[in-house]
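Below are two forms of the same protein chain, given as structure tokens: structure 1, then structure 2.
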Structure 1
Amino acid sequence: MSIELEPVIRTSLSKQIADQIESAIVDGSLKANDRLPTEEEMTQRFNVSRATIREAMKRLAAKKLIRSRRGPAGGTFINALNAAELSDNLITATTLFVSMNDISIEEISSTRKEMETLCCRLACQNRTLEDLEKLEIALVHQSDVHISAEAFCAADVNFHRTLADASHNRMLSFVMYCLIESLQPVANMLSYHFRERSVILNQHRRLIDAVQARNTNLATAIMTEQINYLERLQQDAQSAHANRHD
């Protein structure tokens, strides 16, 4: 059997250094806000040139794993990432997974229902006055009668993301950030021709009130009501689309 052999590509020194530092972050050896050695110290430690160290730092900065600060107390530090910075790749992957594997409306709705009702339960238990204020601000923005359909969908995403943050469970909030950002805009834009804004706004108003009152049963019931409502609209939108192409 004959095979064609491709040239061996050697991993660059800068990538090896960046990978070592990233591995140290993953295994906990380096933590958020830890200061990295100076450029001079790293050239000696890794026995490489300054240019190689700078390229390694560029690789880490591109992943938002480090940040630089000038001044006497400056240097290069391990970054403390938030959900927005971490979730971009997951959002893209989730969106592709849904589109390429023909995920059904029912699957999307059942996933949202389970995850968002959990957010409601935890928000009722853990919400603060600041969380309630953020939810009110999100609702005011969404209530603007002059915003476009796309802007209304974006405001809807922001409302649900704010509710997830009110759970004060950082892992759940991160997972929900990916789920909401990747699935909800698609679902919303599919059904916005059929949706009554007033219905969504009324549901959100009642949801805030339930979370404020720490009424878990009511909050989860309202969330279930909204997801069921959107599922029906999405089915109507798909049916209308299919009929136009018959």
Structure 2
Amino acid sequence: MSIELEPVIRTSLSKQIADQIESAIVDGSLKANDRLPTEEEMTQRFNVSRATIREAMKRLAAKKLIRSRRGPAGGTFINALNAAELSDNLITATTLFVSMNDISIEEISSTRKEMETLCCRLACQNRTLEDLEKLEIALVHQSDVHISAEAFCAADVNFHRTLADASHNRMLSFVMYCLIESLQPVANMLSYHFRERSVILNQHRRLIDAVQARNTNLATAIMTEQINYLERLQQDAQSAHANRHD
């Protein structure tokens, strides 16, 4: 027989259920802090076992779309997602993308350069006194000579995030979080050396001043200088590493 049979799509029940609920969240029929039915109720509603319901819930929990609590007033609730939580997801995804697809330093670096200079332009335009204060605080933290390499890196991420926030464009901030994190391995490497630390700190000092003065050209120039500097350092480290293996 040569009848063309539709290939039966067999998606697991837990995925189907998770997808249904996710759609309901995205299209707004389920709102933040809404409570889902209990697992027991859902077994009846969807006519599947509790194990299946639970697997569906874990799928949603992995995306931070829901949270669960035990007890009488407990249950499963839709999460209100802020930028920090969501960017967590983005960062894992971006990190994996970079490592699994062999994205070159140049690709990351050039994208980041363009976007960070965009942040600088907007920060010069839109920065408030509060933004300047936050940048100063971030720089003070990063300037502490006693902090570990990890702490220096975290402080560096924080400085760049603060700068992104000063653009007063939340969409841009959101996207920047990925990129800042993606170039972090470099900073991680170099922060062991105090000489490189001071170069970075000096650039950040001048960057704040330029943003304060709303000097866009100067600010973008300093940012470009920093990212070029980081790119060069990483390339040097890579070629040194390659030579060791010859």
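Heads up, when I say rigid core I mean the largest set of C-alphas that superpose within 1.5 Å between the two forms. The first residue in the sequence of structure 1 is number 1, and each one after it adds one. Since this is a predicted model, take the numbers as computed values, not measurements.
A.B. asks: Name the structure that matches the description of the form predicted alone.
C.D. replies: Between the two, the form predicted alone is shown as structure 1, not structure 2.
A.B. asks: Once both forms sit on the same rigid core, is the C-alpha displacement of Arg67 at or above 2 Å between the two structures?
C.D. replies: For Arg67, whose C-alpha is compared between the two structures after core superposition, the shift is 2 Å or more.
A.B. asks: If you line up the core, does Asn215 shift 2 angstroms or more at its C-alpha between the two structures?
C.D. replies: No, its C-alpha moves less than 2 Å.
A.B. asks: For Ile21, is the CA shift between the two structures at least 2 Å following rigid-core superposition?
C.D. replies: Comparing the forms between the two structures, which are aligned on their rigid core, Ile21 does shift its C-alpha by 2 Å or more.
A.B. asks: Can you read me the CA shift for Ala32 between the two structures, rigid core superposed, in Å?
C.D. replies: Ala32 is displaced by 7.2 Å at its C-alpha.
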